[in-house]
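Shown next as C-alpha cells: one chain only, the form predicted alone.
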C-alpha cells in the first residue's frame, strides 16, 4: 500500500515475478509489465461487435495476432482471443458496458502474468520444454499459440525475431520462471 497526496491508502498490484531478472548465454528473462488482459469468446456472428468495441477486427487465422497501438489481440482458438493492453486500460469496462449477449469478454488481468524471453538463443531455451517448431518459418513474428512449457500451459507470442512473450497463470509463474532459468543455463 502507498499513501497518496490526500493521505489515503491505495492498493498497488504486485506481480509474482517483480524484481526478478536473469541473463546468460545470449538470453534474458524479464517479467513483463503488468497489463490488462481480456479473454474474448466470439463466434463469427459476434466478431463485428468485438470489432466495434476494440476498434479493429479480431484475427481470423490460427496462430496470428493483430496489433493496434498498445493493444495486442492474439488468436488462441477458433472463437477465442487474448487481448493484452496497458495496465488500467478501460477495455474491461467498455465490454461490460456494452453488455452484448453475442460475445463474452472476461477480465483475466489478475490471473495472468508474463515473462519476456529475448536474445539470439531464446528459441533454444523455449524449445527445451515447448514441443512446437519455433523457427521463423514455422512461428513468424506475430505468431501466437496456446501450448505448454514443461508441465505448464502457456500462451506463447513472438513479438520480434528474437523476443517472445510467455503468458501464464500467476500460480504457474514461479515454475515457468525457474524452468526457463534452468533452460537458459543449459543452452
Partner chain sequence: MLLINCPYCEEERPELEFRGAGEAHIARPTNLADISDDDFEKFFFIKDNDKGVVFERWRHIHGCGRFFNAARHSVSDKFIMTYKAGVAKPKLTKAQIDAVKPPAKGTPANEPVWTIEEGKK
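Positions refer to the first chain, counted from 1. Just so you know, these numbers come straight off a predicted model, no measurement behind them.
If you look for the form predicted together with the partner chain, you will not find it shown, but the lines that follow are about it.
Looking at residue 69, you'd find every heavy atom of it more than 4.5 angstroms from the partner chain in the predicted complex. Using a 4.5 Å cutoff between non-hydrogen atoms, residue 76 counts as a contact of the partner chain in the predicted complex. In the predicted complex, residue 80 approaches the partner chain with a heavy atom inside 4.5 Å.
At a distance threshold of 4.5 angstroms between non-hydrogen atoms, residue 161 is out of contact with the partner chain in the predicted complex. Of the listed positions (65, 147, 28, 121), a single one reaches within 4.5 angstroms of the partner chain by any non-hydrogen atom in the predicted complex, namely 147. Of the residues in 39 to 56, only 41 comes within 4.5 Å of the partner chain in the predicted complex through at least one heavy atom.
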